[in-house]
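Next up: just one chain, as structure tokens, the form predicted on its own.
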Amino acid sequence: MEESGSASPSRAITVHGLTKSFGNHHALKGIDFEVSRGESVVIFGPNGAGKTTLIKILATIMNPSSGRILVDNLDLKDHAIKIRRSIGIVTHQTFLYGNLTARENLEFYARMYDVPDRQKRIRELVALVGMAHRLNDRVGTFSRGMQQRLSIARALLHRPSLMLLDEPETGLDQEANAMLWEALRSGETGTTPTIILTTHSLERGLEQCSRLLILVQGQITFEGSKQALKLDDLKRLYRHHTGVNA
């Protein structure tokens, strides 16, 4: 048997013994899981379960307290900068600069990621998210939904191999949410991306992902393939593990 936490060419992510504490609060309590390349995994859990903390650590935004994480066989502790270049992230936080125009925001990130033919790529993505008519307007003048659309373009700019989606439907209208998933399926990232999604919507997670985890009070209490799982079955499973009706 292969040693847990060791490298494998088929794995996009390996997490072993991951913990995160904020003072006396233990947000993550020794998490272990693996994600294969090109796999889509959804993480369910009630508020305070540790979902956003986990996404921030995987995105290199936050450091873990202990444990080991490999992304594309690179140790996150030693290769955070290189790993960051392969990640796209969509969350309720847009990572946009309100005093800059949409074009200036995308140009900034395109330069940071060394995106080739930057102007062409920017035009492609603003057309994709329906924002071409606002390209020269300051982001601070945009509605929340429009900022989220632009954040999708920002996340896809460098054709990331790993997409981290933390409650991406927050602030997105139905059309924009559909745009995001269509872009991920259509090869807009240049390859079939590995996807980790957190969401409160059991229906959305079941529809979009092939495997699911349930996180409760910083611990994974269930992990399995969705296979022939129906929504009513998932609701019962979720209630059993969390004590919460979804």
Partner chain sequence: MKYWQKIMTVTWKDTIAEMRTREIISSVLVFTLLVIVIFNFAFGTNQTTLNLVAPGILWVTFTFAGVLSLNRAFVPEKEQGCLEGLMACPVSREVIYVGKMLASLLFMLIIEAIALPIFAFLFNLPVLSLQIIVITVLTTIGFVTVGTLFSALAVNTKAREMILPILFLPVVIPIIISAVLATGTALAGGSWSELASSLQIIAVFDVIFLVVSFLVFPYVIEE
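Numbering follows the first chain given and starts at 1. Please read all numbers here as calculations on a predicted model, not as lab measurements.
Separately, the form predicted in complex with its partner chain exists; it is not shown, and the next lines address it.
The stretch from 127 to 135, 70 to 78, 99 to 107, 169 to 177 that comes within 4.5 Å of its partner chain in the predicted complex, counting heavy atoms only, is 99 to 107. Interface membership of T94, defined by any non-hydrogen atom within 4.5 Å of its partner chain in the predicted complex, is confirmed.
Proximity of F142 to its partner chain in the predicted complex: non-hydrogen atoms within 4.5 Å are absent; the residue sits far from the partner. Using a 4.5 angstroms threshold between heavy atoms, A27 stays clear of its partner chain in the predicted complex. Residue contact check for I89: one or more of its heavy atoms lie within 4.5 Å of its partner chain in the predicted complex. Taking the partner from elsewhere, every residue among K56, N63 and R111 has a non-hydrogen atom within 4.5 angstroms of its partner chain in the predicted complex.
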